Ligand SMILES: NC(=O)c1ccc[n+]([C@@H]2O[C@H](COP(=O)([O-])OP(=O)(O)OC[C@H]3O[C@@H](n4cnc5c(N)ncnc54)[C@H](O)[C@@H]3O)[C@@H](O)[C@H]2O)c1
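Take a look at this single chain, the form predicted alone, given in structure tokens.
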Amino acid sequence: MLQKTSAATDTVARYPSLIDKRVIVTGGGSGIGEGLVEAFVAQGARVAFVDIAEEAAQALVDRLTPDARHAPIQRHCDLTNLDSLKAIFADLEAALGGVDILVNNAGNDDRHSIAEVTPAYWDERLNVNLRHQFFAAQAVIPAMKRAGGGAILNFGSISWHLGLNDLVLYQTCKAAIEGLTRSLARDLGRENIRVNTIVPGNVQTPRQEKWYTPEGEAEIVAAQCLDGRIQPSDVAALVLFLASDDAKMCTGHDYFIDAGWR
């Protein structure tokens, strides 16, 4: 479980336009996704999220529900199964009464060498990290059009901008997501649907800590312009702004939250 984030305190920005907004977050059960769900719930939004880690997802619902304006909804969903994705998104749209905001957060950064990649692994990695972002967007666009607009936030990664080791397929997907965002923003803009990419740096989550030793984390901080480790609540702060009406003229771009990692 993440530590309680600043999203639940009085120091975080409040966005009146997010109250009662209908939000779907993919990969919302842990890590960055957990921080996103918590932040939207704290804003008074109606939040639904999907994850394959059902136990962690239910624990998050149980933790947030007592203080929530709207209790979050969770569904188990394998996003690589497009039939399941379509059915579960339809179910969530019905449960929420529509969709205003989609956060395409889910992904998997398992390390791999070039020599290990087979055609089957290529397809599996693209399905895990890229394909579902398009089909999740496709699934919610009709509801957003009926509502008169919406916001789609796709998660990219600093990794391909840095060219990190042993992530060739992950980085290929994350580079493509920025192109996907630009294309969707152009095609959907006249429908008042905004589309942007969130580009996190190295965020301190339990998953990321399994890849880095304390020495490796120190190297990351040394390469940043700012001291300290990025937290899920820092990423959530950017997501909340871009999802809100305060960002009504922001679309088609990439927004970095990386502490200036170069």
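So that there is no doubt, residue numbering starts at 1 and follows the sequence shown. Please read these numbers as outputs of a predicted model, since none were measured by experiment.
Another form, the form predicted together with this ligand, is not on view; read the next lines as being about it.
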{"property": "This ligand in the model of the complex: contacting segment from 189 to 197, 62 to 70, 24 to 32, 39 to 47, heavy atom within 4.5 Å", "result": "24 to 32"}
{"property": "Every residue of 80, 106 and 207 near this ligand in the model of the complex, heavy atom within 4.5 Å", "result": "yes"}
{"property": "Residue 184 within 4.5 Å of this ligand in the model of the complex, heavy atoms", "result": "no"}
{"property": "Exercise: residue 53 in contact with this ligand in the model of the complex, heavy atom 4.5 Å", "result": "yes"}
{"property": "4.5 Å heavy atom contact, residue 143 to this ligand in the model of the complex", "result": "no"}
{"property": "Residue 128, heavy atom within 4.5 angstroms of this ligand in the model of the complex", "result": "yes"}
